[in-house]
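Consider the single chain below, provided in structure tokens and representing the form predicted alone.
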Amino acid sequence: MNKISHGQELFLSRLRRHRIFVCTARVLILILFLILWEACANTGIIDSFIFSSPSRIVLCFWEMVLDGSIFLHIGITLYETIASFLLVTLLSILSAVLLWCSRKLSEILEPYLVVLNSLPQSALAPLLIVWLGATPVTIIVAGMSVAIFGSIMNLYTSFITVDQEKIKLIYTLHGTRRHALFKVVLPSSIPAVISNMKVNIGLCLVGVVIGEFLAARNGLGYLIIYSSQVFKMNWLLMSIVLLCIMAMALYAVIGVVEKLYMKRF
């Protein structure tokens, strides 16, 4: 068993103290913000009707927990986000592989991908509603539209920047393009795929919420737009807080997948 030197122990100790300090500072900043928010709302410094307060948001959440309605909204938004995320991941990998296999096709489609990725995706949501109707499928497609084009471009760039010497070695050993893809390109691009997934999970959530603004009768996006129309600010801020928690939780899941991959390889 290898012994850790004194210098290594000091380094690890400083690293642990740094992590504890960062985590403590994050928690204290959040607690201080909530305390100031609550105090300002209770003392009238800010209008509690417009800005609400942490206690009112918690009470609103608990009331919706008791009647069960909040679980419907969270479940629908979560389902639509995960569905759009999985479809984006699958289609972007398949599309990037297709572009890598055909250089001519990639040269033809690249400007179209750039243009589509540059479009404000929120402008496409009304068009999707006209084409597909106000259904959950429309919202899932809206979530996909925010991430799919950029994801394809990023993965394709990762594929073509793989170490060319390894690919030449495959061909030298009489391997085929399929061997180069499965033995070199895809394994070497797994970190890029995971990094892309981290970005896509947030983008898909944004796209789903945009779709729910326009074409939903349930979900956190619908709850936000409805509460803003009837001035139920407790509902609105509660929905925003829940979306933040959902985004952090989904990002953390991808982080766990990344750590498992790093430990294994």
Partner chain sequence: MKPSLELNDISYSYHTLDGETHALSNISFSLAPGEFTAVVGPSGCGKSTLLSLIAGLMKPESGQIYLNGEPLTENSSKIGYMLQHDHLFEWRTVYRNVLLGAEINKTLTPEIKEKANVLLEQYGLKRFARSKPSELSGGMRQRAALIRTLLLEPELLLLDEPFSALDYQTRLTVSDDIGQIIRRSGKTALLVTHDLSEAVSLSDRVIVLTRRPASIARIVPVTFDLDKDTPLNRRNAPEFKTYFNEIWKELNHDE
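Residue numbers count along the first chain shown, from 1. Quantities reported herein were computed from a predicted structural model and do not represent experimental measurements.
Here the subject shifts to the form predicted in complex with the partner chain, a form of this protein not shown in this document.
Engineer: Just to confirm the contact call: exactly one of 132-140, 93-101, 68-76, 168-176 touches the partner chain in the predicted bound form at a 4.5 Å heavy atom cutoff, so which is it?
Structural biologist: In short, 168-176.
Engineer: With the partner left out of view, is residue 152 within 4.5 angstroms of the partner chain in the predicted bound form by any non-hydrogen atom?
Structural biologist: Result no; residue 152 lies far from the partner chain in the predicted bound form.
Engineer: Classify residue 184 as contacting or not contacting the partner chain in the predicted bound form by the rule of any non-hydrogen atom within 4.5 angstroms, answering yes or no.
Structural biologist: Yes, residue 184 lies within 4.5 Å of the partner chain in the predicted bound form.
Engineer: May I ask you to check whether residue 110 falls inside a 4.5 Å heavy atom distance of the partner chain in the predicted bound form?
Structural biologist: Contact with the partner chain, no.
Engineer: Heavy atom to heavy atom, is residue 117 within 4.5 Å of the partner chain in the predicted bound form?
Structural biologist: So residue 117 does not count as contacting the partner chain.
Engineer: Given that the partner chain is left out here, which of 188, 122, 106, 195 has a heavy atom within 4.5 Å of it in the predicted bound form?
Structural biologist: When the partner chain is considered in the predicted bound form, the option within 4.5 Å is 188.
Engineer: Which residues from 39-55 come close to the partner chain in the predicted bound form, meaning a heavy atom within 4.5 Å?
Structural biologist: Read in sequence order, no residue approaches the partner chain (within 4.5 Å, in the predicted bound form).
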